[in-house]
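Just the one chain here, laid out as structure tokens, in the form predicted alone.
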């Protein structure tokens, strides 16, 4: 598990941890039953207060992303996989919203932005307008 803290972001550290764990689960980087570092270990690795890690873990546990096994540690839950598709959609939606806002700042109208989106989808899928595969 890789967590990077940005102290200057204005986002609380515990929430940065929660969001990064959720993202790693959504992207399949963390899988069901993968162990997470202990609160003390992650706090030492990130050089943050253990209470911050405990708060993040508690939040993730309430969301059903992780669970604790008494005396054994903390693990990614099976339920997290079911939620990962929703999380991927949420991440994509946030990124797309940022792009749309930028388009509006560039004074593009809706049809121009839609045209760009369709062109990009075509290019990413490797298909021309008629649905034929492009040459690689």
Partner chain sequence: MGGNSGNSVYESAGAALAPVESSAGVVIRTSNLSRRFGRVEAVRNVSLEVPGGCVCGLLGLNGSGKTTLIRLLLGHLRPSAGQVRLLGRSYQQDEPGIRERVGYVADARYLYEWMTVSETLDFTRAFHRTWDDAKVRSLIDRLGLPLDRKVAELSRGHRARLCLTLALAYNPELIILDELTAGLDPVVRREVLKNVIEEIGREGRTVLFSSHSVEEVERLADQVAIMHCGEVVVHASIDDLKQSQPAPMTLEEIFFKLVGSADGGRERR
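Positions refer to the first chain, counted from 1. This one's a predicted model, so the numbers in the text were calculated from it and none came from an experiment.
The next section is about a form of this same protein that is not shown, the form predicted together with its partner chain.
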property: Interface membership of residue 34, its partner chain in the model of the complex, 4.5 Å heavy atom rule; result: no
property: Interface membership of residue 49, its partner chain in the model of the complex, 4.5 Å heavy atom rule; result: yes
property: Contact label in the model of the complex: residue 1 to its partner chain, heavy atom within 4.5 Å; result: no
property: Heavy atom of residue 11 within 4.5 Å of its partner chain in the model of the complex; result: yes
property: Among the candidates 108, 58, 100, 81, the residue which, in the model of the complex, approaches its partner chain to within 4.5 Å (heavy atoms); result: 58
property: Answer range among 37-45, 69-77, 100-108, 23-31 for contact with its partner chain, defined in the model of the complex as heavy atoms within 4.5 Å; result: 37-45
